[in-house]
Ligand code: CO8
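Read the single chain below, which is given as structure tokens and is the form predicted on its own.
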Amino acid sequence: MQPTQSVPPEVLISGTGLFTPEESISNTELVAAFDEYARRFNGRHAEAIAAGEMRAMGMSNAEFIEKASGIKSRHVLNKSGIVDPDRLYPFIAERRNDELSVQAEMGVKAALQALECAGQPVEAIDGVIVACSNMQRAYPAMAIEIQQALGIQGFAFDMNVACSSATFGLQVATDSIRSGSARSVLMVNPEICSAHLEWRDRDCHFIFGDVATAVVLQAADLPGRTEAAWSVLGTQLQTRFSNNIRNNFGFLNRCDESGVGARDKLFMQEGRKVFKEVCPMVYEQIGEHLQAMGLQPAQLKRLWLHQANSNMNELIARKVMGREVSRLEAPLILDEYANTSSAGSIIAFHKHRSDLQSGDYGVICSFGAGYSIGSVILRKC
């Protein structure tokens, strides 16, 4: 007698949540603070600059930022510290160990929305994954703290694949449900990008904002609000090592005092190289993934792409679809949120899916440091 083989359950995305910080900084405000810092810097070092021993800092430009990136503003946890020319980084106070951490607090707010959207009680969740680009501490895991705050049983862990953390988290959650190790998983992306950005660097000071997103994934036969859910048809991940996006901050930094405070201990990138190398990897992966799933690009109704740069997204969407693509088909949230690392594609999905019909196909795709690329093909229930 042959053993029966169980069929993996269909996995649904049944709910999403979004926490947006109240404070926001426009390009104009950001440039004013940066330019004042640059003027003061050039004044302090006028003699060295005149002697050719130092390079003068150039001014920033709000219109150029929008044209080059598509970014008009960004939400942040703290505005006053960032727009203070004497500081140019946020004030985020440390909390006692018996208080909910900042990152966990953001995650809980997004998670509660996602659970309500899914119609799932916390008792139904078997696992929590926090997937984001920066963790405020090494341990205990933020995921376990969020699990505790929400009263969820089961397991929880953190994972980091930079800007692709959310799509990698979606695959891990999907695989957990398909394998039977969980029936429902909460995946959370709390991104405090303002704290790892060098606001005094003209090439990158405008890029990032803060936000938290959350996604509920569940087996299709679980109760809940599944009529507007999305079936996860397939996931695909890819990584390739590159130094073109890097942040060397870590616990080993104190072991060599010469590196303390060095520029490489915050976000750095070679933007032109990233654009040239990552874009082909992304649109080729999406095309290959669709082909493996027996789908044609013309069947896609929506591309929820990572929100790093509007020019990248326009190129990728055009290459995938083989034609010009509208903002409705490939929505951008960069203008309000800027780059929010792993959360960007989830914000786009959260805000721009309700108009689609049963049977419509879409793809969530992220790309970033690593390099790392994740694509998740969905069909509306």
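Fair warning: this is a prediction, and the values are worked out from it, not measured in the lab. Residue numbers run from 1 along the displayed sequence.
What comes next is about the form predicted together with the named molecule, which is not displayed.
The three residues S14, T174 and R379 each lack any heavy atom within 4.5 Å of the named molecule in the model of the complex. Taking the partner from elsewhere, N309 is found to have a heavy atom lying within 4.5 Å of the named molecule in the model of the complex. The closest heavy atom approach of S341 to the named molecule in the model of the complex falls within 4.5 Å. Among residues of the shown chain, F275 is one whose heavy atoms approach the named molecule to within 4.5 Å in the model of the complex. Although the partner is absent here, H196 lies within 4.5 Å of the named molecule in the model of the complex, judged by heavy atoms. Per the 4.5 Å heavy atom criterion, the named molecule in the model of the complex is contacted by stretch 157 to 165, the sole one of 103 to 111, 157 to 165, 72 to 80, 297 to 305. Proximity to the named molecule in the model of the complex, defined as a heavy atom within 4.5 Å, holds among D203, D264, E116, D84 only for D203.
Between the options I245, L237, L290, A141, the residue in contact with the named molecule in the model of the complex by a heavy atom within 4.5 angstroms is I245. Residues are counted as partner-facing when one of their heavy atoms sits within 4.5 Å of the named molecule in the model of the complex; in 45 to 76 these are M59, S60, N61, F64, I65, A68, S69, in sequence order.
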